[in-house]
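Same chain, two forms, each on its own as structure tokens: structure 1, then structure 2.
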Structure 1
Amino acid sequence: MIEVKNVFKSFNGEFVLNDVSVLFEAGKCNMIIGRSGSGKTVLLKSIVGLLEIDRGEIWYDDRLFSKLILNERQEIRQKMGMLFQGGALFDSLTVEQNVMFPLNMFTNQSYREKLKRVNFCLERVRIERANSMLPAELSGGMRKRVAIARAIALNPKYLFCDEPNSGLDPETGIVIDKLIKEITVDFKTTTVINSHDMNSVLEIGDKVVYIHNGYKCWEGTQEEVLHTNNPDLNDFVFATTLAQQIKKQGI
């Protein structure tokens, strides 16, 4: 569980997050949605500690993360998995070396133990026998799978995904969504997904939080998001869905 309480964040005197409070539950895909510039990326970066908040609190279970010093945060950070927007694989490293990277950084396991974990993670995302391949040899969907494998290498308690379907075709995006959902349920992770993809929201969004102009304007379930009376959210859903349909049809 991750809880954000009354969080404010500003840049050059202008607030980008205004009194945002939200509870992200374990074993669920918690979606943060909103237009570009709405504050959703700032919220995600604040939760993981890449940005320091001005006021408020960020809790990881029973620990007040936002008040911990750097060394104290390290223990919680080792329980985090990150799936970056572009995958962020190391181009000069093989698939196996990419997935093993966090194990080399944060564990004292033997090579055999690390390789066993790497192979488990690759099997979990269904790309066995790709260990020796380089990222340049992979399709976009395969690169995202490798990035997911790396994100779960340390068996994280908290999983953060920034636009996981960015740059993927709709069919591949559905596959990635289902993988994230399976991992979330199977490992009972607290998964937080920053997205503008309404297909993802309707496919795997157990909880949906809508950020607009720095405020949390709405939260609810994937079923409720299509039947809300919030005009800003309705406009966002309609515009996003229409854009995705146009892209899919190649208009």
Structure 2
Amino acid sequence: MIEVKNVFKSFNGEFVLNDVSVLFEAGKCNMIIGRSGSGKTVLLKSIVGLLEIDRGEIWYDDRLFSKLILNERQEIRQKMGMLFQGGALFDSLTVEQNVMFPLNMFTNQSYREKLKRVNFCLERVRIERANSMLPAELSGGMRKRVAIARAIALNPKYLFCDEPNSGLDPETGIVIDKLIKEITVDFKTTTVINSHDMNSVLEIGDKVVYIHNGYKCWEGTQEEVLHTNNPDLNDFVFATTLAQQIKKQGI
């Protein structure tokens, strides 16, 4: 469980997050949705501590993460997995070494055990026969999937994904969504996903939080999102012509 309480974050005097409070429960896919530039990435990075918040509190279960010093944060971070918007693979390491990296760092397993785990993770994201390739040799979507494999290598307790399926074809996107859902349910992870893709919201979102210009405008469940009266959210959810027509004909 992760709790965000009254968080403010500004850059050069301009507030990007305004009084955001939200609770992310374990074993659920929590989706943060919002337009491009609304502050989703900033919120996610503030939650994991890559950005220092101006005011407010961030709790990981019973620990006040935002007040911990770096060494104490490191302990909690070893239980985190994060997928960055750009992948952030280590570009001097091969695919296999990338996924093995957290295992090397934090476990004492033998090479064989580690390799088994690496191949298992890579299989789950449908990457085959690419173990010895470098990130530069992969397609954008493949990079993303390898990054997911790296994020789940240590069975994280908290999983953060910044737009996990942007840049993927719809089919692979759904595979990734389902994978994240599976992991969340199987390991009772607290999963927080940034997205502006309504498909994945409807596919896997247990809880949906809508961010608009740095304010949390709305939160609710997957079904509620379709029947909301909030005009901003409505515009966002029914942005495409297809969605509008479906809405007109009744959901």
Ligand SMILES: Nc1ncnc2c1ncn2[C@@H]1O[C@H](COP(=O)(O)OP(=O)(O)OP(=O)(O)O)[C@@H](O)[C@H]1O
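Whichever C-alpha set is largest while still superposing within 1.5 Å between the two forms counts as the rigid core. The shown structure was predicted, so the numbers you read here are calculated from the model rather than taken from an experiment. Here, a residue number simply tells you its place in the sequence of structure 1, counted from 1.
J.: Where is the form predicted together with this ligand shown, in structure 1 or in structure 2?
T.: It is structure 2; that copy is the form predicted together with this ligand.
J.: Two rigid parts of the chain turn against each other between the two structures; which of Gly27, Asn155, Tyr215, Arg126 is at the hinge?
T.: This hinge corresponds to Asn155.
J.: Can you give me the hinge-style rotation of the smaller rigid part versus the larger one between the two structures, in degrees?
T.: Rigid-body rotation of the smaller part between the two structures: 18 degrees.
J.: So, with the core fitted, how far does Cys121 move at its Cα between the two structures, in angstrom?
T.: Its alpha carbon moves by 3.0 Å.
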